[in-house]
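Next comes just one chain, in C-alpha cells: the form predicted alone.
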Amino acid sequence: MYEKLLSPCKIGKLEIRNRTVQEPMGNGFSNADGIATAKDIAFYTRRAAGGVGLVITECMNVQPGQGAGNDKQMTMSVDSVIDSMRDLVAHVHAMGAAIMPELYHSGCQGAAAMDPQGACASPSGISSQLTHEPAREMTIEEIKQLEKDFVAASVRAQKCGFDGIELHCAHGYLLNEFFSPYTNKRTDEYGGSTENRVRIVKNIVEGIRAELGEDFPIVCRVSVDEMLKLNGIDDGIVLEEGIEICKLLESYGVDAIDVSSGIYETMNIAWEPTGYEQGWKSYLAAGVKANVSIPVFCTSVIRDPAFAEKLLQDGVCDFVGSARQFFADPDWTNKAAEERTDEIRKCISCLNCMLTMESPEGSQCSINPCTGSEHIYTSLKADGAGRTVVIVGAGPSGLEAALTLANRGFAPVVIERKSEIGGQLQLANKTPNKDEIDYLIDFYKASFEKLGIEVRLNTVATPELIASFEPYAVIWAAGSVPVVPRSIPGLDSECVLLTPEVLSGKVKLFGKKVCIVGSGMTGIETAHMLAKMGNKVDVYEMVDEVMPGMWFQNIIAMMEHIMPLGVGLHPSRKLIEVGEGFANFEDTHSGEIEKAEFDYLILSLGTRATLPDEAIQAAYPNLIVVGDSEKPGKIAHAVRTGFDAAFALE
C-alpha cells in the first residue's frame, strides 16, 4: 500500500531501507560530558526498532567547550565520546536502521555563559532577537578553526561507525547565520554574495572529502526560507535564494538536502504548534527537488503514512521526515508496513517535548508516556491472565490505563458517565486550531476496538456496579470539575458560566459582550473561539502575565490568533465581586477597583479533582487514583499516570 514510502533509497552510496527519517531534535538526555547515555541509546534504538530508515541524532557541537546550546547535549567535539557513540551506533544498526549525527555550532542562538569569551560566536556580532544573548564577530582565524573542527568531528563520527553526518545549516544556528544576509554583514571572503556566505560549508565539505573520501555521506539541513518577511524583515533567506544555496551545496559534493525553514525569531515556522495542516510547507522541498539531482528530505507536519506516500509519489521529495511524530509513535513506519495506520499515535503538536527539553528528565511526549524512558519501560509484563480491572472514567488517563492493561493481558472494563470517550479531550478539540486532539481520541477508539476493550458509556460507576465485576483492581480516573470559589460573591448569578458549558455547545454565544476570568490554556482558547463567533471578549488574569505557565511558542501563536480579533487582555486583575451584568476587579498593584460590564462572565479558574465517594474508598482500599483525579494537570500528566498505574499493577 505504501510502495514508495517503504522502498529503499540511496544517499550517495549508502542505501537506506525505506524513505522515513527520524529528524534531529534536542532530547536533553545527555550529561555535561556529552557522552551518549543509556537513555540516549535506548531512545534512538527504539525508533530504529520501530522501522525508521534513517535516524539523525540531536545536534552535537563540534568545538570543545563551546558552541553547545545547553549542557545536556551529546557532543562530537572530543575523543572521549567515541566508545559511547560506538555503542549507540551498534544498537541502532542491530535494528536495521542507518544513523548519522547532526553536527552544529549554536552561534548567536547559544548561551553566552557557555562561550569562553562570554559572548556567542557569530558572523557579524548580531544577537538573536529572541534570546538576546551577547554576540561577537568571529575573526578569520576563528572561522578557519571552526572549519577544521567540523572536519575533525566528522572524522570522529566515522570512527564511531556513523553512516554519514548531517551539517546543521538551518534554524538560525551558526552555519545558517553565515548563509543569511540577515545575520551575515561581513565584507570579507565569507560575506556579501551567496557564494561567499556559503563558503564556510564549501570548505568544511572539501575538508571532509580530503579526510574521508567521496563515499562518506554528507547531508545538509537548510532553512531554505527563514520566513522573516512575516516579521517585516526583508533581508533574510527566501526560497529563491534557498534554492540557489542548495544548488551550490550539491556542486560542492553534498549528498542530500534536508529541507527546513525558520530560525528562532520565526520559531513557529520551524517547530509548529497546533493548527498547521499536513504538508503546508512541502512546497519548499518541492522547490528544491526541482532544482537539484540529489535526494531531498521533506518535513512538514507529516502525520499520515498515506500523506507521506503521496508526497513521494508526486515527486515532492525522496525522503519524509519528522522528529515529533517519532517521539509520539516510534512504530509509525512498522504500523504503516503492517497496514495498522489507525493505531498510530499521531503527534498533536502540543509542544510539550519542547517545554520539557531542559527539565531534569529531558524531553517528554504528552501522548507517549514511554518517550525518554525507553531504558526503563523495556517491555510490558504479559501477566494479566484475564483478570478484570475496573476503570472509572474514559478521559486520557483512564483510556491509557485500559490500553496498557489490555496489552498486559488483563480484562479492563471502562465505565464512563458521559456518552463518548475522551473526557476533557472532548472539550479541548472544540476550540479553533485544535483538530489534532481528535488524533488521540481516534487512536484510542481504534486500539480499543482491536483489543476488544469493554466500555460502558452513559453509566454511573456505583459501588454496586463496580462490585458486580468482582475486579482484581479498580483505577479511578474520573477527572476533574471546574473550580468555583465560594469566597467571591455573585458567582451564582445567571450571567456566570463555566468553560465546559461553552466549549461543549450547551450554551451558544453570538454577538455578546463576554468577560473571561482566567487566562490559562482553557480560558484563552475559549476566548479565541468566542471572538471568532463574533463576541466582544475581554480576559482578566490575577497574575502579572497572561497565559501563565504556557510554552512561549503557544503564547506567540495564541497572540497571533486573538489580537486581530480584538480580544482585550487585563493582567494583574483579581475578581472580587460579581453582580448582574458587571464584575469588580482589584488591581493587584494599586489596589484600585475596576468595574467591567458584560452580558456573560465565564469562569476559567482551573479544576479540582473528582474523588471517589466514601463507599467506594471503603470497599477498595487499594484503589489507584490517576489523571486529574490524582492532580489536575495537562494531557501529559493524565496519560503518564494512567500508564504508570497499569504498568506497575502487580
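From 1 onward, residues are counted along the sequence shown. Predicted model, so just to flag it, every value in this text is computed and none were measured.
What follows is about the form predicted together with a small molecule, which we do not show.
Checking 614-622, 45-53, 25-33, 586-594 against the small molecule in the model of the complex, the stretch whose residues place heavy atoms within 4.5 Å of it is 25-33. Here is the short version: of 368, 322, 184, 499, the single residue with a heavy atom within 4.5 Å of the small molecule in the model of the complex is 322. Only one of 106, 333, 260, 75 lies close to the small molecule in the model of the complex, with a heavy atom inside 4.5 Å, and it is 260.
Taking the partner from the other structure, the small molecule in the model of the complex has a heavy atom within 4.5 Å of a heavy atom of residue 272. Contact check for residue 414: no non-hydrogen atom falls within 4.5 Å of the small molecule in the model of the complex. In the model of the complex, at least one heavy atom of residue 59 sits within 4.5 Å of a heavy atom of the small molecule.
The small molecule is not shown here, but in the model of the complex it comes within 4.5 Å of a heavy atom of residue 301. Here the marked residues 174, 241 and 245 all miss the small molecule in the model of the complex; none has a heavy atom within 4.5 angstroms.
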